[in-house]
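Below you will find one chain, with nothing else, as structure tokens; this is the form predicted alone, and questions on how it binds or moves follow later.
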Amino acid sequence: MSRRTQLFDRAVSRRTVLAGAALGCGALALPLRAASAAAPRKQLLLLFLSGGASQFETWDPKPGTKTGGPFRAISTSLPGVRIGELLPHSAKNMHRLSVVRSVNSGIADHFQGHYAMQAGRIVPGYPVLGSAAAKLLERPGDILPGYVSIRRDGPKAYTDVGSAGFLGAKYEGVRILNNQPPENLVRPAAVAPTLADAVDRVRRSANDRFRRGREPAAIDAYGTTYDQADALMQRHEIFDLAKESPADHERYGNHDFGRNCLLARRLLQSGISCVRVTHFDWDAHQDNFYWHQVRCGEFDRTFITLLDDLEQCGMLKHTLVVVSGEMGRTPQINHLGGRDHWGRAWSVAMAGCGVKPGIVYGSTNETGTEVKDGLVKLGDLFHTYLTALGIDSQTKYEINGQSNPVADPAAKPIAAVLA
């Protein structure tokens, strides 16, 4: 058996098998993972509303106040709880969500916010959430990358801020742009399998010689990257949205976010530990209310469709879904009809693995300018995400003989939202 075949077999035995994906969600009920007595892998889906969604037009409306804007608040499936009318599908599913209305990240900058909300810290150099999940949820024998980041190709300015940091290249996110798989996943027809195997043997032999008397970290990192690329070549069909049914494409929506979420479902089914989907254009410094009608219209139905599918297929029990951006938007409406950057009082939503459904935690004052109770800092959110995934957030990374806390020691999980 060739090395390449061995790698593929190991990947399949450890990861989910995409069986009958063309059959749509109905196919998700099939045994996508190899038969095993082990508990299902915990997974994370991060829906990142890049630019910063307005809490007033989404999870924390203030109708009838000077900061409230023109939209109504509507009743939800949670008695006494109302959210913005631009999220009617979410309103019907509030009993499945856990919403935190009292986030004070203290950051009103895209670059800092993108990093800090994903790393759980302001200090640079720490792994972002996707990379941390890839590392901490990893199982022996995993070959496929643990973290995939999906977005459209632009704007690029602050979208990819943050990295795996000291965890290294193995835990960097694989970037998927415009629903296109990574390049060069299919071997050129002119390269015969026997030639590819011969080249691989030469590569491995050269690596072995290089290791002798040298620090192996660099060559091992290269080898890991090579193995991941090889596994992706063997499983390139996991990126093929053409295998999803026309009905599922319609349900998720004919727009980038819909297609990206459908691909995220597919990747989670394949066993990827963390998938991040970036939804753009929430940075509404002008025409805020028009833009939120458009953005919420795309987000709302697709978000609930994805939740429905994950639940129907039994995946929501082991998949944490987080809806966040890098900040909220100002209570004050500027002269262009926009809302600017605001980090002092805004909202984050969660669902699925490890969090209580039907929870609204914390509150803001009457005009939404400040947190009134249940103050939550960005480090608290990071602890909460990890704890919901069954990870001890007090643990430490042990890298090259050095210990480093996984999460900010000064922060703590939000006990009230954890299941």
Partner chain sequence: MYSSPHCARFLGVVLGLAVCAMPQSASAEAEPALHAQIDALVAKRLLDRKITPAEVCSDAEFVRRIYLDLTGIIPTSTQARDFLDDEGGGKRARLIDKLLASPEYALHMARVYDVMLTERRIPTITSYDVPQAAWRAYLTESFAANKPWDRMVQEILGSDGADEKLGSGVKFYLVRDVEPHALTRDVGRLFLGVDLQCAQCHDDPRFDDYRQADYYGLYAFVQRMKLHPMMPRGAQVAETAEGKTTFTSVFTTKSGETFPRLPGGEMLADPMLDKGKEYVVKPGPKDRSVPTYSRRLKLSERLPRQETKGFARNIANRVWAQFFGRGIVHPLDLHHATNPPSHPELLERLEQWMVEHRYDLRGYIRELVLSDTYQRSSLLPNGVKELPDDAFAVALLRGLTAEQLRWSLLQATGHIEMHYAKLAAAVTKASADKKPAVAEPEWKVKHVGNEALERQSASLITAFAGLAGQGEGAFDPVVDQALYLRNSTKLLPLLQSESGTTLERLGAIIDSKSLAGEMYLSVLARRPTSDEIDEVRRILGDAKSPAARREALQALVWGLLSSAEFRLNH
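Quick caveat, the model's predicted, so the values are computed rather than measured. Here the rigid core means the biggest group of C-alpha atoms that line up within 1.5 Å when the two forms are laid on top of each other. Positions refer to the first chain, counted from 1.
Omitted here: the form predicted together with the partner chain. The next part is about that form.
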Q. In the predicted complex, which of 274-282, 223-231, 79-87, 289-297 comes within 4.5 Å of the partner chain (heavy atoms)?
A. 223-231
Q.
Just checking whether residue 188 would be counted as a contact of the partner chain in the predicted complex - the rule being heavy atoms within 4.5 angstroms.
A. yes
Q: Could you confirm whether residue 183 comes within 4.5 Å of the partner chain in the predicted complex, counting heavy atoms only?
A: yes
Q | Contact test in the predicted complex: residue 214 vs the partner chain, heavy atoms, 4.5 Å | A | yes
(Q) Under a 4.5 Å heavy atom criterion, is residue 147 part of the interface with the partner chain in the predicted complex? (A) no
Q) Does the trio 352, 367 and 419 actually contact the partner chain in the predicted complex, every residue with a heavy atom within 4.5 Å? A) no
Q | Position in contact with the partner chain when the complex is considered in the predicted complex, options 104, 93, 270, 163, heavy atoms within 4.5 Å | A | 163
Q.
Just to confirm, with a 4.5 Å cut-off on non-hydrogen atoms, which of 203, 317, 139, 243 contacts the partner chain in the predicted complex?
A. 203
(Q) Can you list, in sequence order, the residues from 191-209 that come within 4.5 Å of the partner chain in the predicted complex, counting heavy atoms only? (A) 191, 192, 194, 195, 198, 199, 200, 202, 203, 205, 206, 207, 209
Q. Any chance the CA of residue 237 moves 2 angstroms or more between the shown form and the other one, core superposed?
A. no
Q) Core-aligned, does residue 206 move its Cα 2 Å or more between the shown form and the other one? A) yes
